[in-house]
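Before any questions on how it binds or moves, here is one chain, the form predicted on its own, in C-alpha cells.
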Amino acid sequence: MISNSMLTLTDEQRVKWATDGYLVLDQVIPPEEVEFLSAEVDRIRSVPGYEPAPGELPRGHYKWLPGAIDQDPQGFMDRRDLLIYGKAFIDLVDRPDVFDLIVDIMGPYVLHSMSQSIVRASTQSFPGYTHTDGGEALRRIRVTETSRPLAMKAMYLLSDVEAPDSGNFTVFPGSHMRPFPENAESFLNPHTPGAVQLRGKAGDCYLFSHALWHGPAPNHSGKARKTLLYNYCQMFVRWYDHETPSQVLAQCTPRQRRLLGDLGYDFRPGSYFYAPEDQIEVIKAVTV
C-alpha cells in the first residue's frame, strides 16, 4: 500500500495561486535558523563565488570572483550557487513545508535549477525594478490557469520588511497571465499603479511564478534586506547554475540528488525529457 504524507495547497491557496501568481507562507523558518542562515550569508561575502560582473559580462551572467565586491554586511551582494557553502543551503532545496507545495503546484517532474542570496542595501541611489524570470525568451512563454508552471521560485526572507520602500518584494497580482510590457513607454517600476509591495517577517517565504511581474522596491529603511531564492523548473527546462549535476551530490539525500539532476544513470538521449521510472517515488518520498 502506498501512502503519501506530503502537504498540499488549501483551496484558498490554490485559488490565490491561479489568480494572483504568488503565495505568502508565514514563518516557515524558525528564528534560530533565520539567525544562522543570516550569519552564513554574511560569511560567504568573503569567500569565492559567482557574482555579477557589470561592464564585463552581460546582464544575468555571473563570474567566479574572490568574494563579494562590497564586504560590508549591510552592503549589496548577489551570490549564486549557494549549495557549495554547506548543508544548510542544500537542505533548503526540499524543505518539506515549502517543497511539498511546490510539488503540488509543479508536479513531480521537477528540477532545482538555481540558488541565490541577494542583500539589498539601504540606499537612495537604487530605484528598484520590475521583471520576469528566465530571461527574454522565457518571458514570452506563459501558461493557462490550469497548466503546471514552467518554473517558479521560493523566496525566503531573512529580514523583517515591515514598511514600504524597504527593499520589499513587489508584485503585480495576476500579471503571470499577461504579456510583459517591454517598450520604454510602458516601463514598469515598483511604484507603477497595480504594484503591491509585500510586507513580511524574517522566516516568511514567497512562492511565485516565473511569469509574474515582480522585483525589489527601493530600500530606504536604513537596514539591509536579506533573502534566499531557490528556483525550480520542469525537468526538460534544465538548471541555471550547473553545466552538469552539482558537485555537492555526495552530501545529498536521494531526493536532493534527483532534484540536482542525478537521474541514477549516465546521460543518454531522452534523459530529462522522459523521467526515470522511479521519479514520482523519489520526489514524493512515498513509502510502500
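Residue numbers here begin at 1 and follow the sequence given. Just so we're clear, the structure is a prediction, and the values are computed from it rather than from any experiment.
Not on display, but discussed next: the form predicted in complex with a small molecule.
Interface residue among V28, L229, A68, V237, judged by heavy atoms within 4.5 Å of the small molecule in the predicted bound form: L229. Just one of I102, A151, I118, A121 comes within 4.5 Å of the small molecule in the predicted bound form, counting any heavy atom, and that one is I118. Although the partner is absent from this view, M155 contacts the small molecule in the predicted bound form, with a non-hydrogen atom inside 4.5 angstroms. Contact between D94 and the small molecule in the predicted bound form is not found at the 4.5 Å heavy atom cutoff. Among heavy atoms of R258, none comes within 4.5 Å of the small molecule in the predicted bound form. Taking the partner from elsewhere, P216 is found to have a heavy atom lying within 4.5 Å of the small molecule in the predicted bound form.
Residues of just one listed stretch (129-137, 172-180, 189-197, 85-93) have heavy atoms within 4.5 Å of the small molecule in the predicted bound form: 129-137.
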